[in-house]
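Single chain ahead, written as structure tokens, the form predicted alone.
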């Protein structure tokens, strides 16, 4: 059983977070909320998302897995305003999700989950942690996009840097002290990442919210932030590009 009601903007955040990596996703439903894990086809990035039942206006569920076509979900969300409430119900006999928005009812067939794996989140020991306002990160990314297709994330003692270097130009964001919410960087770290992936991930979080970055040298970056007024959480892992000597 699954029957719930939630704001369209929360559902859109979930969709934006996952559809950046995959076209289909297996959602684990429990009495306490939803969760999903997905890895992109290139195995460069992973998302680990959870949404507690307090994020919903109404929520009743038992344990089950649902395979969802994310493109179909996008079409449904086009019918709703951000503050609209959407009723969602799983019809087991028809293997469909039924969405109700005002006077509109939309039925969506589910995807077979038999061939959908459950990726494991690697246990990474990353020495440095930076907590930064999303708007600062997004501005640094915007400045970098005209310069290069990759960025370096650097943490060193009291400062965090985002560096993009092209053939002739450079973009550089440096934050330190009170410009950061938190920094714990006992050793210098630097890793290079695809700007396209990093930019897409950063757009999911609200500009006024905090983003936590866990960093090491030539290690994946672990990106974390809350959604749905703290009732949900997203973790991204993004593999590094190893710099040539």
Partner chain sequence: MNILRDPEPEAALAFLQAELAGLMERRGHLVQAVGLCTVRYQGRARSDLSAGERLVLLKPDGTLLVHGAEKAKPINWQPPGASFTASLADGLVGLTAIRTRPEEIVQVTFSRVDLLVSLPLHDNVDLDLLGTEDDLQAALCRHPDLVEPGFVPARRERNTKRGYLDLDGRDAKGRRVVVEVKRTTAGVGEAQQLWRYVERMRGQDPDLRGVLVAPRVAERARALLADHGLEWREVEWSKVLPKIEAMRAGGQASLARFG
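Note that the coordinates shown come from a computational prediction; the quantities given were computed from them, not determined experimentally. Numbering follows the first chain given and starts at 1.
Absent from the display: the form predicted together with the partner chain. The rest refers to it.
Novice: Among 130 to 138, 155 to 163, 80 to 88, 117 to 125, which stretch has residues whose heavy atoms lie within 4.5 Å of the partner chain in the predicted bound form?
Specialist: That would be stretch 117 to 125.
Novice: Considering non-hydrogen atoms and a 4.5 Å limit, which listed residue (209, 218, 58, 179) is close to the partner chain in the predicted bound form?
Specialist: When the partner chain is considered in the predicted bound form, the option within 4.5 Å is 218.
Novice: With the partner chain left out of view, which of 189, 194, 35, 202 would have a heavy atom within 4.5 Å of it in the predicted bound form?
Specialist: When the partner chain is considered in the predicted bound form, the option within 4.5 Å is 194.
Novice: Although the partner isn't part of this model, could you tell me whether residue 241 comes within 4.5 Å of the partner chain in the predicted bound form, counting any heavy atom of the residue?
Specialist: Within the cut-off, so yes.
Novice: Would you classify residue 105 as touching the partner chain in the predicted bound form, given a 4.5 Å non-hydrogen atom cut-off?
Specialist: Outside the cut-off, so no.
Novice: May I ask you to check whether residue 97 falls inside a 4.5 Å heavy atom distance of the partner chain in the predicted bound form?
Specialist: No.
Novice: With a 4.5 Å heavy atom cut-off, would you call residue 51 a contact of the partner chain in the predicted bound form?
Specialist: Close contact is absent here: in the predicted bound form, residue 51 is far from the partner chain, nothing within 4.5 Å, heavy atoms only.
Novice: Within 45 to 74, which residues have a heavy atom closer than or equal to 4.5 Å from the partner chain in the predicted bound form?
Specialist: Those in contact are 45, 46.
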